[in-house]
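Next up: a single chain in structure tokens, the form predicted alone.
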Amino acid sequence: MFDIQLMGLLNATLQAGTLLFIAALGELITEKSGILNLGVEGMISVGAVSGFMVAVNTGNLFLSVLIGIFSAALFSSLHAFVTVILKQDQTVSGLILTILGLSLSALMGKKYVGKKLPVKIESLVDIDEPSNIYEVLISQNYIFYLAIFLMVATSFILKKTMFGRRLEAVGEDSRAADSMGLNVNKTQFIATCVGGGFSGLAGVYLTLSYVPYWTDNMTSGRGWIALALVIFGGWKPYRTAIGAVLFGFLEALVPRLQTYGFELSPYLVKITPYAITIIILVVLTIYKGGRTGAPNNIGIPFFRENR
């Protein structure tokens, strides 16, 4: 019985961590280009409601996933336009994107609250109660394996390809990158939209698998945790994945503690990921002599005429 309970906790940890990691990986790509996007929460919500609406109306799972990704990417292009083209404050734009995304998704999904989902993203193998680690791994759905692929692919692209090098160059020193002939605005615009697409995939996973229904504000702050994960992981995909598993473990552990009679304040649960991130950030800053791994030009708009 203990083994089954432990495997159930591990299963829930991977499910919760997958959602957080996909959104965090998208934000990592965006921030690598020097653009800070605080609108992750809103983008996840837009992707979640879009994918859910298409799934309810068409029953086509593939189309639902595509629309969810595309809608969030298109929504993130608003932030890209305001910050990359118009050179406005990235923090303010990101916060507005979150508020707008949550409000827009609530409006779009008003008629879909309580609707039954005709299709959902299935597991590789359907196992109700996994009893060992192997069964836990093969009982995850396809988005979990896609997340692993995206982690490896992103790490490879950033470190081993010319595109990745250019992306990091733009984020580290946009003026130097521009002097070498790189199109800074184009790179940042694309990176922002790609990051939005990742958030859309996380949203689709949320409503078509993790919690297969739609209701207002169901993102429950996961977008902010994804932002914290990028810092936690030092802007590295593999470390961000470890952080996602850790935070997924916290999310999965709390309801199980309550079932065994442990009284834990929900407010304490909500602040735990952020408290851990602050502690890790302080430790890394001290250990690395003030360097956290953040791109040097993050949050700073690029003006070509000032080069």
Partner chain sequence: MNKYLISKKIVTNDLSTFYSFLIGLSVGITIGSIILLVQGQNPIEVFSLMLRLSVGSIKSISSSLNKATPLILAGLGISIINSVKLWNIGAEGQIFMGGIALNFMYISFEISNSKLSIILLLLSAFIGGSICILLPAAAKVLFGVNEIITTLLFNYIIIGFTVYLVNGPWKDPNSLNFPAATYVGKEVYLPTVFGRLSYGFIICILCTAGVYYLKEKSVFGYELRISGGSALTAIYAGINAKQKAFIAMLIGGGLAGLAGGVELLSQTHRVSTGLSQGFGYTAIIVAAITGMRPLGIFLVGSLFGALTIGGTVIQTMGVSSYIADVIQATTLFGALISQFFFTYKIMKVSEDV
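Computed from a predicted structure; not experimentally measured. Positions refer to the first chain, counted from 1.
Below: the form predicted in complex with the partner chain, not depicted.
A.B. asks: Of Leu227, Leu208, Leu201, Ala191, which residue is found within 4.5 angstroms of the partner chain in the predicted complex when only non-hydrogen atoms are counted?
C.D. replies: None of the other options qualify; the answer is Leu227.
A.B. asks: From the list Val282, Leu250, Leu257, Ile242, which entry has a heavy atom within 4.5 Å of the partner chain in the predicted complex?
C.D. replies: By the 4.5 Å heavy-atom cutoff, the listed residue in contact is Val282.
A.B. asks: Within 4.5 Å, heavy atoms only, one stretch in 210-218, 148-156, 193-201, 131-139 touches the partner chain in the predicted complex. Which?
C.D. replies: In the other structure, the partner sits against 210-218.
A.B. asks: Using heavy atoms and a 4.5 Å limit, would one call Leu117 a contact residue for the partner chain in the predicted complex?
C.D. replies: Close contact is absent here: in the predicted complex, Leu117 is far from the partner chain, nothing within 4.5 Å, heavy atoms only.
A.B. asks: Whether Glu122 contacts the partner chain in the predicted complex should be assessed with a 4.5 Å heavy atom distance threshold; does it?
C.D. replies: Although the partner chain is absent here, Glu122 would stay clear of it in the predicted complex, with no heavy atoms inside 4.5 Å.
A.B. asks: Should Leu63 be classed as touching the partner chain in the predicted complex when contacts are defined as heavy atoms within 4.5 Å?
C.D. replies: Leu63: no contact with the partner chain in the predicted complex.
A.B. asks: Report whether the minimum heavy atom distance between Leu100 and the partner chain in the predicted complex is within 4.5 Å.
C.D. replies: Because a heavy atom of Leu100 falls inside 4.5 Å of the partner chain in the predicted complex, the answer is yes.
A.B. asks: Heavy atom within 4.5 Å of the partner chain in the predicted complex: which residues of 83-122 qualify?
C.D. replies: Residues within 4.5 Å: Ile85, Leu86, Lys87, Gln88, Asp89, Thr91, Val92, Ser93, Leu95, Ile96, Leu97, Ile99, Leu100, Ser103, Leu104, Ala106, Leu107, Lys110.
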